[in-house]
Structures are given as C-alpha cells and as structure tokens.
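What follows is one chain in structure tokens, specifically the form predicted on its own.
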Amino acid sequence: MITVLRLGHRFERDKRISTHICLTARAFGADEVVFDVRDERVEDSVKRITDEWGGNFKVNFTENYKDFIKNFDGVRVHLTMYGLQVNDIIREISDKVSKRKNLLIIAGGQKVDAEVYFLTDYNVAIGNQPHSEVAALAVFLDKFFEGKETQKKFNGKIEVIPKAQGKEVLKKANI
C-alpha cells in the first residue's frame, strides 16, 4: 500500500495543486492521498476522475498528521529539497518497502514543521533546487516503480488508445 500524505493544503491557494498531487499519485501507482485538512472540493474532483477513469484510489483525511506519521506501519519518506538524492537512496528504500509492504510519501505544500524531518525514515530530494511537490512526487514514484507504473491498467469507463498521431478515446458502457 502506498499512501501520500499531503501537508499544508490551503483552501483557495492550493485547490488545483492538491488535486494534481492526487492525480499524479493515482496515475503513478499510489493507493491513496491523506490530507491534513478536509477539502471536499478536492475529494469530489478526484472521486469523479476515479469513477470515470478507473482504479481504487482514495482520498482520506487525518486530524493529527504527526500522529499519522508516527503510527504509520511501513517506510516513511519525506520529499524535500534538503534530503538525500533520490538516485543514491531509491534502491535502499525499495528494498525496505519490499520487506515492510507499506510506503508513506510526505509531500508538503508550504513550509513543513521541522519535526517532520525527524519523524521519517528518509528525507529524499529530487534535486536540491526549489520545484513543485507534484514534480517531486512524480519523479519519486517513477523511480520507485522503475517506470513500470505507466503501464498500469485502470479498467475505467474511459480509456485512451495510444496513437502516434491524433487522439482516440474509448468510452465503455456499464462498467
């Protein structure tokens, strides 16, 4: 089970970016995103997409993210530009996850409380420059799954048929 914990969602400012965290997590192999605040607009948007495009992705909420991190039964990874380089540590993380089964990936939206750096097993950087948490999540998951996550089948009502030119979308009835 792969869980993404989204910290620091600000209602008006982060609606789109938090939705993109969810869409990226879903498309790149995570099972759920947990938020530290409830925003039903994000939850409803992601539910609609999952209903149409398929999969079993969930959006959940926690009232105490520090307890959530502390009590998580698995490997805890915090994505931060101050961490160890992903290429240097990804194999070790993958090996630990294969033994412990569960992975928590923490993606902050605003400045993250310093305690988070000490509650995790790994602080991982996708480069040491400022960039989007959506990009960091996508790169981390792609490296974790060695690119195989892009071949996942979602069995949704809508499916894109890959083409070299043009667009083809298959809309299935009664799924």
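What you see is a predicted model; the values in this text were computed from it and never measured. One rule holds for the numbers: they count along the sequence shown, beginning at 1.
Keep in mind that the form predicted together with a small molecule is missing from the display, and what follows is about it.
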Just to be sure I understand the contacts: of Ile126, Val116, Val46, Ala138, which is the one whose heavy atoms reach within 4.5 angstroms of the small molecule in the predicted complex? Ile126
Per-stretch contact check against the small molecule in the predicted complex, the hit in 48 to 56, 146 to 154, 107 to 115, 32 to 40 (non-hydrogen atom, 4.5 angstroms): 107 to 115
Under a 4.5 Å heavy atom criterion, is Leu79 part of the interface with the small molecule in the predicted complex? yes
Report whether the minimum heavy atom distance between Ser132 and the small molecule in the predicted complex is within 4.5 Å. yes
